[in-house]
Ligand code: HEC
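Here you get one chain, nothing else, as structure tokens; it is the form predicted alone.
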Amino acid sequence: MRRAVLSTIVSVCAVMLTVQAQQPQTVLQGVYAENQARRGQTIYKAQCALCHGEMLEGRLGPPLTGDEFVSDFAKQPLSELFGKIRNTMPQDNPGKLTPEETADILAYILQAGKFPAGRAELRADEAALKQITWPANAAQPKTASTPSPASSFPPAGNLAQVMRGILFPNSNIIFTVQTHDPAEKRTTPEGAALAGGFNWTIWGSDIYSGWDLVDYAAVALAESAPLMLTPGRRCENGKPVPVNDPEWLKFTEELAEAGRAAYKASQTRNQETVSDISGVIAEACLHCHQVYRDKPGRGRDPVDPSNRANRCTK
């Protein structure tokens, strides 16, 4: 009888803990345990302190505590920070940490950030971590009280040059993930890089990992999209880029958002996830091209076979 009662109690407690883990929480509600944070501190010192500092103050890598750090993740569930650590750290050997070690490090980071401990350990489970968020009043990065005046940089090239020099090659790096796993250990035969000419991916592959290249390409898309709004820039045909047109503004933001989504996908270090997001980039490009580039009658004029004369106009 006692065994039956004890078994029932254990089962009820297990169910209650499971239900509690599935309920939305914030990091203010004791989502990790003290002993877990102690384990995490030991792992952190061995794997992370060299780059992020003994006190998480930042060194070669960014700080992992303070207002700036919290603000970077405040709008995302805790699963995003967990995935960032699990998939991309340590930088010299990403993916080395087990899910349990990652959860322990995350517990230590929360402890260092003065978030309270609780009874249960932080679970190395993405579904559970998605239910944990930061408080609504999470710190925002501090800004200078008197902002410096923004500098104005005139355009150096036309829109086609920006497209072909930045957006086109970096989009293609992301599209290539559909057929090539960035995690593949590829060796470039001696002299192949030189023979390949100006192939950035070949030259870069001797310096950076495949996933690093995908990260950089996604960031390049997100950061360079606003260059489409540079005042004074002209199209290849000499027409001014319609920087104040509502649709142009919408398409520019769509491309920037696609770049941010690609970077987030790349952080998962999953080929299929990035392959899926490449379609979002393609759609963002297509929406703008259909309105401002691909004009009716294209290819019919022998003098202007691509109808460049009407680009940058609706």
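Quick note: we count residues from 1 along the sequence shown, nothing fancier. Nothing here was measured: the structure is a model prediction, and the numbers come from that model.
Separately, the form predicted in complex with the named molecule exists; it is not shown, and the next lines address it.
The listed set 126, 223, 100, 236 contains one residue whose heavy atoms approach the named molecule in the model of the complex to within 4.5 Å, identified as 236. Only one of the listed residues (27, 277, 285, 37) places a non-hydrogen atom within 4.5 angstroms of the named molecule in the model of the complex, and that residue is 285. In the model of the complex, the named molecule sits beyond 4.5 Å of every heavy atom of residue 110. For residue 33, no non-hydrogen atom is located within 4.5 Å of the named molecule in the model of the complex, even though that partner is not displayed. None of the heavy atoms of residue 269 is located within 4.5 Å of the named molecule in the model of the complex. By the criterion of a heavy atom within 4.5 Å, residue 171 is counted among the residues contacting the named molecule in the model of the complex. When contacts are defined as a non-hydrogen atom within 4.5 Å, all of 73, 159 and 163 contact the named molecule in the model of the complex.
Residue heavy atoms within 4.5 Å of the named molecule in the model of the complex occur in exactly one stretch of 127 to 135, 207 to 215, 77 to 85, 176 to 184, and that stretch is 77 to 85. Scanning 238 to 254 for heavy atoms within 4.5 Å of the named molecule in the model of the complex gives 248, 251, 252 in sequence order. In the model of the complex, the Cα-Cα separation between residue 227 and residue 69 shrinks by 3 Å or more relative to the displayed conformation.
In the model of the complex, the Cα atoms of residue 61 and residue 222 sit 3 Å or more farther from each other than they do here.
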